[in-house]
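Take a look at this one chain, the form predicted alone, written out in structure tokens.
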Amino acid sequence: MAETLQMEGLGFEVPVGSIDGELKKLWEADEASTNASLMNFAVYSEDPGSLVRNSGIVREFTEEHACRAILIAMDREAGEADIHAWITAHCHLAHGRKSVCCEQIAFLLRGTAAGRMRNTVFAHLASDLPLVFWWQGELTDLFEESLYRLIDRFVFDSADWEDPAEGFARIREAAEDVQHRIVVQDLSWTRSNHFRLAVAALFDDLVAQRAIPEIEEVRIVAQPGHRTAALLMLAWLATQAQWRPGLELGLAAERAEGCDECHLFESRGGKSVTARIDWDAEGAPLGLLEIGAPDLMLRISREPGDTHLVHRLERAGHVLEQCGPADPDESAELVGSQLSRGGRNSLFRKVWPAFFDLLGAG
């Protein structure tokens, strides 16, 4: 029963049919100067105990992003079908007084109530505002056309999926729907943002630029649970350098003996490029990217828990080393940083052909 769950932080429970009226009463009783919303921000989980955790995430999220938050927890295993709803507001202080408050509506849907998600939950979106939808966990059959056509930006984390190839098949179908332009954002892609920026910055060096046709090896070290982040970063390198898929995996293993996962590419000039991915369970989600050519080594590294990357470029006595920011580890912070940048995430879509080939989902 919903009463047995710890619901602290969700505000007070209201009948679903009375949500709008109760929200109006909430604001009439509050002295906050502003009820702010720049977007609808929905967070969905099929873990029925996720509401309290996600309410804490939204409380921090609204410090930087004004929104109407809609939390959705789905208990698909419950035998009894019902829906419970709670409302609250997250307010932040300025000069010792409440300044800006953001509404939050939380829903717990049980059993066959799943079929009423669109009619009940999405009836409470703030009109004329875009919908950012953060799906947590495995991508299930509830992500289908009638849902994704309501969404403007869809955020997910492929690191949570048991079968990324199947999950990306669903994502690709939504992204290629010509009747609806949805922006898709994988947090596994966001995790490599500062690695990619660091590589681009190091290749601004003329010494490194001249070595691009000579690149012959790439090494990535990542946590085992972040394979898609590693593959996405490798796909980005291959796409930007215009490398083509090379030899079959068996031959790649011979060329890169001892690596945990091996791939081969062929450069534009016909040169073989060996790529190896090694796993480090104790390291950072993405801990190392090395790009090697004769007399050249480009290295981006991060220690676990460190908020900075170390960038190093070496070639024939020419050494450049500096530090730069690292992407956060927490999913909520990754969502916030991506929303701060905005955009349609076209580069993510650009690397899909190479990524799907590496993933085996082409």
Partner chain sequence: MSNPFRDELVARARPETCTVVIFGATGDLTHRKLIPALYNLAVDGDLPAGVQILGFARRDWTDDYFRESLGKVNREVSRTGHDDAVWGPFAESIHYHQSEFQDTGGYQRLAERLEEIDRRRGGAGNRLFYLASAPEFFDDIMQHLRDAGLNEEREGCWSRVIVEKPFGTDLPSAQHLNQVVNATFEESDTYRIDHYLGKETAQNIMVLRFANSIFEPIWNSRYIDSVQITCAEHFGMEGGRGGYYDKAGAMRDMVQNHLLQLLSLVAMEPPTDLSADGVRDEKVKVLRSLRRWDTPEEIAANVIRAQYEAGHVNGKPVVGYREEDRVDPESMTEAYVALRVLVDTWRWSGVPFYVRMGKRLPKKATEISIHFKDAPDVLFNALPGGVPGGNVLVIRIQPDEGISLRITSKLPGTSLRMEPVKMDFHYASSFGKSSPEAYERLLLDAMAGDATLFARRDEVEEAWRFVDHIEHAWHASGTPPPMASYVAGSWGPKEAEDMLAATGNDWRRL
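Positions refer to the first chain, counted from 1. Owing to the predicted nature of the structure, the values given are computational and were not obtained by experimental measurement.
Although it is not shown, the form predicted in complex with the partner chain is what the next lines describe.
Exactly one of the stretches 76-84, 125-133, 232-240, 270-278 approaches the partner chain in the predicted bound form with heavy atoms within 4.5 Å, and it is 232-240. At least one heavy atom of residue 203 is located within 4.5 Å of the partner chain in the predicted bound form.
In the predicted bound form, no heavy atom of residue 110 sits within 4.5 Å of the partner chain. For residue 194, a non-hydrogen atom is located within 4.5 Å of the partner chain in the predicted bound form, even though that partner is not displayed. Mapping the unseen interface onto this chain, residue 210 counts among the residues with a heavy atom inside 4.5 Å of the partner chain in the predicted bound form.
For the options 303, 295, 330, 63, the residue carrying a heavy atom within 4.5 angstroms of the partner chain in the predicted bound form is 63. A heavy atom within 4.5 Å of the partner chain in the predicted bound form is found for one listed residue only; from 100, 288, 89, 175, this is 100. With contact defined as any non-hydrogen atom lying within 4.5 angstroms of the partner chain in the predicted bound form, the contacting residues in 301-321 are 308, 315, 318, 320, 321, given in sequence order.
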